[in-house]
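Form predicted on its own, single chain, as structure tokens, below.
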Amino acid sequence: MIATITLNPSVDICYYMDSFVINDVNRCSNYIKTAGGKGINVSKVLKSLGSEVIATGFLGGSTGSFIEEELLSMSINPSFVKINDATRNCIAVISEGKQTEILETGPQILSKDSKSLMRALENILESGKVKVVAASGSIPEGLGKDYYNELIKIAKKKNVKFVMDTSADYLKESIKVSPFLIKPNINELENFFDIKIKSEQELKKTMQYFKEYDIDMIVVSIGSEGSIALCGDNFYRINIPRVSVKSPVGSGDALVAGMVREIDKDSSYEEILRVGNTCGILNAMNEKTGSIDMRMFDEIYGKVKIEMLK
């Protein structure tokens, strides 16, 4: 079993429109509403891969109820802390090849709720069935930037591997307690260090910094060019095939899901990276966020190439 954490989930609403006019009425008949948030996207892809998933975090209001019902319909076990404030909406308007996003900040989390989630995670891990926890996304208002640190400590006490995918501000704190894997993209890494990375050698040198924190896997996604990973003491370049991209949104989450699934299976570094990148590509080929077409899995998997770098 795999546990996922989404501290700031959302109902994702995507409007597909022929045209979008500012300061006017825009009507739309083609739209999709789904349970969203990075950790929930991870959960959905994990379920497609056949993993048993338990999802936790904070949910509130009618939007929270919608997410819980969506997860149950996908046979994902929801184990969220219920809060007073409503879970946020995140809106994307896709028109004429452009995407405009409106992201609500999200609810205020009370101290009692933050402690409840820590207890919820402890209870999830108590059975000993969970080998990996994947936490993704931002930290909502009311929680400190170091909140992930407490969750990582809980997992490590149970010898559970913790996979961390979050932005630079939260990453700076969470690395202090040594998660098993982190997955910044190239832009997040540049923001982390306030630099511009201009070459593969500069990227490798920058990634070495994280080894000071005893992080086993550092995976940096570089968009259509694939990924560069530092696993143990070795660097890997992951080359991915060119495909017809329908929506890149959520591909990083799918990448995390594929890697987490293989970590749960105690697979090799190479297999972790190959399956993860396969899932990232499959998500990009799909209009729905956090969705992969398993019928295409073997074909894409065979085209992902892993090269150890010197």
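Remember, it's a predicted structure, so these values are computed and weren't measured experimentally. Numbers follow the displayed sequence, beginning with 1.
Although not depicted, the form predicted together with a small molecule is the subject of the following passage.
Asker: Can you pick out, from Ser224, Gln201, Asn234, Gln208, the residue that has a heavy atom within 4.5 Å of the small molecule in the predicted bound form?
Answerer: Residue within 4.5 Å of the partner: Ser224.
Asker: Tell me, yes or no, whether Gly280 is in contact with the small molecule in the predicted bound form, where a contact means a heavy atom of each within 4.5 Å.
Answerer: Within the cut-off, so yes.
Asker: Under a 4.5 Å heavy atom criterion, is Met217 part of the interface with the small molecule in the predicted bound form?
Answerer: Residue-level check for Met217: no, no contact with the small molecule.
Asker: Answer yes if any heavy atom of Asn185 is within 4.5 Å of a heavy atom of the small molecule in the predicted bound form; otherwise answer no.
Answerer: Heavy-atom contact with the small molecule at 4.5 Å: present for Asn185.
Asker: With a 4.5 Å heavy atom cut-off, would you call Leu255 a contact of the small molecule in the predicted bound form?
Answerer: Yes, contact at 4.5 Å.
Asker: Using a 4.5 Å heavy atom cut-off, which stretch among 272 to 280, 43 to 51, 28 to 36, 59 to 67 contacts the small molecule in the predicted bound form?
Answerer: Going by heavy atoms within 4.5 Å, the stretch is 272 to 280.
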